[in-house]
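Just one chain is shown here, as structure tokens, and it is the form predicted alone.
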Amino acid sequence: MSSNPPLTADPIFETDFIKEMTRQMRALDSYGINDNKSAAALLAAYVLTKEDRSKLPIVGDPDEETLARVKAFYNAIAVLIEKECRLMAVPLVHLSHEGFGRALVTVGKLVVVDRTLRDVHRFGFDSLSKMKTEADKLLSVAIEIIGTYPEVAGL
């Protein structure tokens, strides 16, 4: 018997970001196929180790599931921005069929997240912890920008 605690015992699953990512992934499942999956199982697709990445081609077109995961990531960040500042945050992910593009989150007339996306077919993080760290950075910068330009964010 393994002495390791179950993956869902990890405190990361109690964070607002991971809870929101789980909601976003469940929202994508319109047929209820993943209803019985745990948060860890739902978010496993976001974990892409170096070995996993090395198996993917350098150039490739992203599939619909990957595009949906990218959108869910930025949707979750937008929801957390709304929670924090009580202003509507609108995510926009624009990608070419080759997986290049941009992710923006606007609040009012203010752009609070602006990310260039490349090689989206390889979108993922080394761990859920690293995904949360990246989201925290984006959220922190967004809240700081809103604090600096509240009049533009309120338009």
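For clarity, every value in this text was computed on a predicted model and none was experimentally measured. From 1 onward, residues are counted along the sequence shown.
Separately, the form predicted together with another copy of the chain exists; it is not shown, and the next lines address it.
Interface membership of Asp114, defined by any non-hydrogen atom within 4.5 Å of another copy of the chain in the model of the complex, is confirmed. Although the partner is absent here, Ile145 sits close enough that one of its heavy atoms falls within 4.5 Å of another copy of the chain in the model of the complex.
Contact check for Arg102: a heavy atom falls within 4.5 Å of another copy of the chain in the model of the complex. Of the heavy atoms in His94, some are within 4.5 Å of another copy of the chain in the model of the complex. None of 84-92, 124-132, 34-42, 53-61 except one has non-hydrogen atoms within 4.5 angstroms of another copy of the chain in the model of the complex; the exception is 84-92. Residues of 119-155 that come within 4.5 Å of another copy of the chain in the model of the complex, judged by any heavy atom, are Ile145, Tyr149, Glu151, Val152, Leu155 in sequence order.
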